[in-house]
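Okay, here we've got a single chain as structure tokens, the form predicted on its own, with questions on binding and movement later.
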């Protein structure tokens, strides 16, 4: 059985990752491609407990190093319990965030308080040489993204706004960091402007995925 693919969605707050991930999953299913949807943190039952610690409450309740360690604990559980087994079964896994988020948030966002070498070592320990087959970076002005995210949070029972509450400069560094990462790995990253209607953005993502994986040959 051929192994499945691993596609990750990255970007700052309010870029529409979860919406676009769901639309892509539905599109793949129409083509006969078995796809599962997941996220980091919180893609497993244990991960949900870690997610509560990481994305709710006071922004200063832990430092950047503690955050990085918890994110990688969640990531290891996510990979071993969900992502790798699904890929081995031939399923495509679509994840809302992966390890690029750790570099973007804990390195760039925190203005390099966590050394890049530390994050690399954590990656090697928890993930090894595994990487996404494709990373879709949804790029958006942080002012627009934060406004979207806070509006969404207003309708949520649990306010996952710990990162949104950080200073604007954090989010600008975050965006700049993501774009720098994409320049370093153009073969894996595809950067798409997220400031457009949902359906237009979906069609651009479909075009990227179709070309990258030759989906025209997939059974329907």
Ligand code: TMP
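Positions refer to the first chain, counted from 1. Here the structure is a predicted model, which means the values were calculated and not measured.
One more form of this protein should be noted, the form predicted together with the ligand, which is absent from this view; the next part is about it.
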### Query
Hey, with the ligand in the predicted bound form, do 17, 40 and 105 all fall inside the 4.5 Å heavy atom range?
yes
### The single option of 192, 181, 69, 55 touching the ligand in the predicted bound form, heavy atom within 4.5 Å
55
### Summary
Of the candidate stretches 136-144, 79-87, 122-130, 96-104, the one with residues having heavy atoms within 4.5 Å of the ligand in the predicted bound form is 96-104
### Query
Does the 4.5 Å heavy atom contact test between residue 163 and the ligand in the predicted bound form come out positive?
yes
### Query
Can you check whether residue 51 is within 4.5 Å of the ligand in the predicted bound form, heavy atom basis?
yes
